Structures are given as C-alpha cells and as structure tokens.
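Here you get one chain, nothing else, as structure tokens; it is the form predicted on its own.
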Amino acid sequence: MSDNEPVSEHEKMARWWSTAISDISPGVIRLRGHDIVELIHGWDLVSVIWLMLRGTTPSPEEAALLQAAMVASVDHGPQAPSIAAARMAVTCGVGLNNAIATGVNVLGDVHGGAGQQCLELYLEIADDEAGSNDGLDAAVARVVDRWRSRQHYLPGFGHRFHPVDPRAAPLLQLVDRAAEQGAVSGRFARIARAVEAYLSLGRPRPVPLNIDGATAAIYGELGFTPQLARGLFCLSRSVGILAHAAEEQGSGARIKGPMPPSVLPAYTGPPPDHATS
C-alpha cells in the first residue's frame, strides 16, 4: 500500500494497536511467531521473557544468566518498602493483584531504580573508554567523579543492610564463566569490578558491589537497555511481593499499619496549649 493510497476505517483500527509481539485470532495464539503450543511444551519462563522482550531465542548461557539475575532479585524481606506496602495493602481487604500493584508502584528511582541507574553508569564508562586511549581505570575515574559531583550515593555499590551483599559475587562468577565460554564479552563485569576498586581506594572498609551493580552487569552483558533492567527487576520482585501478600492474606490480619498499635509515632509538633483565658 502506497503512502498516498486511502486507508479504510477498518484498516486504521487494525493498525491502532499494531504489534510485532503477539498474533492473536480465533483459535490462534502466536508470540513472536512461535505457536503457544510450542512454547508450552518446550520453553521455560525465562526464555519466553527473553523472546517477548528481544524477539529472539536466547542461548542456554544467556538464559542461565538472565535466570540468575532474576532469581537473585526476587525478595528481600518485609523490611523492603515494596514488600511492606503490599503486605499492608492486602490487610485492607484488597485482592492479591491490588497488593502486587501497590508493591510494584513504590519501585521508583530510590527503591528499585538502582539497577537501571547503575547500567547507565556502566554504559557511560564503556563509551568513555571507547572514546579515549588511556584505559578502563582512567575512564572509570572520570565518569565516577562526574557522577559523584551530582549525587552522594553511587547506584549499585554499598548496601544499607549487608556489609557485603551475598548475591553479588556469585552473579559475577556466572558472568565470568559465560565469558570464558564466549557467550558474553565480560566487559561489563570488568567495568563493575573496576568501579568497585576505584570506590574503595584509600578507604579502611571497601565499598562492595551490591545486587543492583551485579545484575546491571548481567543485563549489560546480555544487551538489555537500562529501562528494561528496571522492568526486569520489577518483574522479578513481583514474585516476592506476591508470596508475601499471600502469606499476609492467610494470617487473617486486618488493617495493619507500619507499626504495631502499641507503638505510636513520635510527635514533633508544637506542645499542647494549656493556657486559660
């Protein structure tokens, strides 16, 4: 059809939500060209996630890395605001879907966004290194110093709860193994370690890589955009949110706030006015 040929109203409507992802018609469900029966019988969920987001079939090594990153991010206990919010929501009588939405909706730049931000940092370092001839360490110093001039915390490093995040090293080891097999380049793992080393210079205690820094390295190795890195984290954390919301729903508790009723928030306003006229 040429650009000048008139388009019928039916064709306009058919094009309104045109998509390369799903082909749905009566009796037919195809995702990225793959029949749903094929996917049901032969595909695992992580590979389907890759297919939906990328439109291709992952290699076994790529699927294993994606699975590891998503498994590592599933849950971090009720002290995580996204989990706590979902547990509170379900005690208000809403359904599990509402509780999941409540938890996911608090995954923003501060809680849940560090993986996306860290991948943006890694990509900026990669670009700086590619555009200069003084090596990775110099690129890391330039970019990290720029970021530090704008913000106190560097995403992907340090942890408010864990002195050393137990998830980070095993994830990078998987990247190393995949790089040895030629499945990924290993470039983003090298960048992550170089940033970790630079941040720890002159400090009595190092600033270790955390889960966000490790998964950002994996998503970078796999070619995902920073935005998809956050989306994949939200998808992963939804599993933990669902589990906690279901557990809280089964407790029968009603209208649970952030603290037990016996603990009242500290009042910091003006004192009561006891003056008499």
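Bear in mind the structure is a predicted one, so any value in this text is a computation, not a measurement. In case it trips you up, residue 1 is the first one in the sequence shown, and so on.
As for the form predicted in complex with a small molecule, it is not shown, yet the points below apply to it.
Heavy atoms within 4.5 Å of the small molecule in the predicted complex map, among the stretches 80-88, 172-180, 122-130, 202-210, onto 202-210 alone. The closest non-hydrogen atom of G186 lies beyond 4.5 Å of the small molecule in the predicted complex. Contact annotation: A99 falls outside 4.5 Å of the small molecule in the predicted complex, judged by heavy atom distances. Of the heavy atoms in L107, none are within 4.5 Å of the small molecule in the predicted complex. In the predicted complex, the small molecule sits beyond 4.5 Å of every heavy atom of R150. This chain lacks the partner; the member of A72, A194, L154, A141 within 4.5 angstroms of the small molecule in the predicted complex by a non-hydrogen atom is L154.
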